[in-house]
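So this first bit is one chain, no partners, the form predicted on its own, shown in structure tokens.
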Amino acid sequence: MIALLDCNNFYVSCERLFNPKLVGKPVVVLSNNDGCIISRSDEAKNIGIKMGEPLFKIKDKLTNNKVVVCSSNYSVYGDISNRIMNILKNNFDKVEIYSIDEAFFSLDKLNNKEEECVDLANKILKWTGIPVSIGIAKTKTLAKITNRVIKKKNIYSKLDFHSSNVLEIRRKEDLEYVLKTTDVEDVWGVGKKLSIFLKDNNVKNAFNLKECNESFIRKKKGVILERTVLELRGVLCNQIEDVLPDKKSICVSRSFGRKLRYYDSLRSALIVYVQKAASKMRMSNLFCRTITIFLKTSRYESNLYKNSKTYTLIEPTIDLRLIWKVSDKLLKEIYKESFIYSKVGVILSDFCKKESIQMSLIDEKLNNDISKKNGVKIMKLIDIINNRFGYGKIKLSSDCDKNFFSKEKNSNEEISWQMKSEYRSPCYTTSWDDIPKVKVKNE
């Protein structure tokens, strides 16, 4: 048996952790640059606020309904997610982290599966403050559907629920009822375009998909959808992947808070992105050989431009200094003065482990003033200091800004590349500067 743990309204739940005044109120969390709705509390859903709605279109609706608006705070969300996943890993052997707020785990060795999952949900709520829902089934696809049912239990009147946040559908009639009331578009792996094809072939719900001829499905749409059909029948096709494969590439890019024209402003943004990408690479104990820089205008500009350039090193590196020298060189080559830019980014790829590095007798031409001997030690020291005192305490000297976000409406282009984040809460668990201060009054 497989269980799927999903955090309820995760981003909103994280915001409520350190601001209990938000409990019971309609709350929404916005995407990068305060663009669209990406998380909603149940109260906000009941008002009729839809996922993905642009903020500028529904500002009046939010104000009239006294909806609390929060900018996304991914450092906090990531930290809380790590705590939840560590609790899960400490209690179960086989765990696959599927996303920041979802994880599959195996229940094969347990007898009282539902009771164990109830205990797990209670422990996570007590230790982290985040409410979760858990769906239990024979396959990942059925676990996804079961998890959806426990979250929307109010509309499933024919089912008996033994718990408010954990569900295992044991009776064949109950499973059939759930599948018939689940739109085919809501099945894991079936998107809007694929659902159009299925509905054109009279496959309207999950039960219809389960009863499909798998040979027809494989012929028309491939083996992936065929596996979905088999999983709806209870045949396990997608195993729990508890060992994550090595990354193939790391990309760091953001849309600017305000469009940029000048090279120095673009460079100021890129150096922050390069440092973040290199930090992610070092966390995975990887060395990169290929560096790509890309630059583009908004697709809504009348004067369009986009370009990218790649540099391949002779020998893989972990050294941030060399990666930045290459990135700076590539940015100069693709930058043109006559455009207004909306995004710049870096991609690190062609990774290998330290023990797999092919040493070169030829020195890298951009590496003439950087010592290869101490590069790894210096990078480790940077990570130790930044992990202890907060990200960005040690940075490249030319980096004038260390944050991705800005709460201020600033017209100064030197810092306007930072993303809009007017409603952002403090980074309570990831920044020393944002730790809540308690003042004790002496009597």
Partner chain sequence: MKKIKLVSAAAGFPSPAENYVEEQLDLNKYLIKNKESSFFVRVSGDSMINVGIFDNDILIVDRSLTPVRQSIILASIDGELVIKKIIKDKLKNYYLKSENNNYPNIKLNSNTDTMIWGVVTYVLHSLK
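In this text, rigid core is short for the largest set of C-alphas that superpose within 1.5 Å between two forms. Positions refer to the first chain, counted from 1. Note that the coordinates shown come from a computational prediction; the quantities given were computed from them, not determined experimentally.
The same protein has a further form, the form predicted together with its partner chain, not shown here; the description that follows concerns it.
In the predicted bound form, its partner chain sits within 4.5 Å of a heavy atom of L381. Under a 4.5 angstroms non-hydrogen atom cutoff, its partner chain in the predicted bound form has R83 among its neighbouring residues. Residue contact check for K248: none of its heavy atoms lie within 4.5 Å of its partner chain in the predicted bound form. Shown alone here, S279 lies farther than 4.5 Å from its partner chain in the predicted bound form, counting heavy atoms only. Contact check at 4.5 Å (heavy atoms) against its partner chain in the predicted bound form: all three of L17, G129 and K377 pass.
Checked against its partner chain in the predicted bound form, the residues I334, L266, I87, A121 give one hit for a heavy atom within 4.5 Å, which is I87. Contact with its partner chain, judged by heavy atoms within 4.5 Å in the predicted bound form, is confined among 75-83, 141-149, 268-276, 204-212 to 75-83. Taking 2 Å as the criterion, I435 counts as shifted between this form and the one not shown: its C-alpha moves by at least this amount when the rigid core is aligned. In the core-superposed comparison between this form and the one not shown, the C-alpha atom of M51 has shifted by less than 2 angstroms.
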